[in-house]
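In the form predicted alone, a lone chain appears below as structure tokens.
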């Protein structure tokens, strides 16, 4: 599910930059009764929920705060997503994160040594993600000895579901594994859900077409597909996985096609 929304400037001095970003990401510069907008501030893009002004705007910044801490301390083999993708024994798969969202799991895989391509179909989330990755890469070039973010690329906005046949530009990436984390209909009370996820749920809605992702992912991946699901959720497309990796609130269903080559 996608919707049109505006990209606006927080200050008059930023209007030219906002117009350029709106052109780049094919977003409007004027409101059309939207519930959300993207706002360009001096610190970067932020997503505002106009109907809920008590909510802090959603921002993405991988260089500081909780997400940077997680990358620094949690990027090893103990992460469930890293184990599910089979990052071990010296082999680092080339991964397409085909439902990238806020990019957190994809960044964890890159931090663990994988080359990662991020694919996102919602215009606002894609813009936030692309700008956040660009900022991280620029920051690492200036400040960090290990420039692991160079292994991440945000693809042009899109979805596996937009194509009946896999485009040649994706086949050329030589993808070892595809990672899927479709938005699942939320069954918990909203108070139990983190506010950034509440914003995403209201903006994007559940991925009601998610079952169609699995056959496309299996066709594209050379070795495996990994699907992140709530622990009690049904299998994607009703298809039982080859194995599973469990975490406290989620499970990672692993669909094997072929073993990875030995490093």
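Residue numbers count along the first chain shown, from 1. Keep in mind that what you see is a predicted model, and the values were worked out from it rather than measured.
Form predicted in complex with a small molecule: not shown, discussed below.
Proximity of residue 200 to the small molecule in the predicted complex: non-hydrogen atoms within 4.5 Å are present.
Proximity of residue 93 to the small molecule in the predicted complex falls outside the 4.5 Å heavy atom cutoff. Contact between residue 104 and the small molecule in the predicted complex is found at the 4.5 Å heavy atom cutoff. When the small molecule is considered in the predicted complex, residue 131 lies well away from it, no heavy atom lying within 4.5 Å. Checked against the small molecule in the predicted complex, the candidates 136, 127, 84, 98 yield a single residue with a heavy atom inside 4.5 Å, and that residue is 98. Contact with the small molecule in the predicted complex, judged by any heavy atom within 4.5 Å, is made by just one of 47, 213, 27, 40: 213.
Heavy atoms within 4.5 Å of the small molecule in the predicted complex are found in one stretch of 85-93, 158-166, 139-147, 109-117, which is 158-166.
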